[in-house]
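Next up: a single chain in structure tokens, the form predicted alone.
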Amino acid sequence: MSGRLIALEGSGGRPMAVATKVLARELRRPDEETGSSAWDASDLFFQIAQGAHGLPGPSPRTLILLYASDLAFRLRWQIRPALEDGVTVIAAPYLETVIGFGRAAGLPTVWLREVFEFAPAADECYRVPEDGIAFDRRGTPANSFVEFSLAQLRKGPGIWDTEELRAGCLSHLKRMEARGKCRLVTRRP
């Protein structure tokens, strides 16, 4: 494929939208288009949110599998066709946000990596700087896989410390950056 796949990892919401725009501007090459692919392109999570109320939310394992299904849709209908046309695609989020969420929920890393074996490796990986983002500026369940999942776990049968899960997910992304596998998106003056 002649395009580039850029992973943008983070919990979502406005910070993710801003980082997507910053990356699109900074990574643009002459004579090359840049596009993006956001989670829930298949409307799977939207349909769940609109479904029957009062039912317990899905488990972390089920949420990961649902994300894998949505990612397969994104790859088939958005990402791969654009890459084949030479477009730089920013996938927001891609794999590491979801793997970080799964690890924070206690799912085995080997299982998480196996679930996403179908997804091609990103050419570059970035993360959204989320330290100090105020609660009211975070993503919402409608625009963030992490927030959607945490909202589902709050209404589920288990007792989950959702702030601890969020922190664990973001710690995974920080460790990726510390190991040089992911870079922080920064606005340049």
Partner chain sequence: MSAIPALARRRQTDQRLRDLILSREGKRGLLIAFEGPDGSGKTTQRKLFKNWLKSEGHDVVTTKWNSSALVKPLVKARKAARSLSPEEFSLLHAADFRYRLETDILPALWQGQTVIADRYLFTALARDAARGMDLHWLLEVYRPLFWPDLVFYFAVSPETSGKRIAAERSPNYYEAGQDVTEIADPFQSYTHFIGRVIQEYEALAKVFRFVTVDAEQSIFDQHRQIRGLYAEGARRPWQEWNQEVLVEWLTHYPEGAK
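Numbering follows the first chain given and starts at 1. Keep in mind that what you see is a predicted model, and the values were worked out from it rather than measured.
Not on display, but discussed next: the form predicted in complex with its partner chain.
Looking in the model of the complex, any heavy atom of Arg61 within 4.5 Å of its partner chain? Yes.
If you check in the model of the complex, is Asp43 within 4.5 Å of its partner chain, heavy atoms only? Output for Asp43 is yes: heavy atoms within 4.5 Å of its partner chain.
Should Ala82 be counted as a contact of its partner chain in the model of the complex, where contact means heavy atoms within 4.5 Å? Although its partner chain is absent here, Ala82 would stay clear of it in the model of the complex, with no heavy atoms inside 4.5 Å.
Considering non-hydrogen atoms and a 4.5 Å limit, does its partner chain approach Pro157 in the model of the complex? Close contact exists here: in the model of the complex, Pro157 approaches its partner chain to within 4.5 Å, heavy atoms only.
Please determine, with the chain shown alone, which of 159-167, 139-147, 120-128, 29-37 has non-hydrogen atoms within 4.5 Å of its partner chain in the model of the complex. Of the options given, it is 159-167.
Using a 4.5 Å heavy atom cutoff, which residues in 72-99 contact its partner chain in the model of the complex? It's fine if the answer is none. Residues within 4.5 Å: Ala72, Phe73, Arg76.
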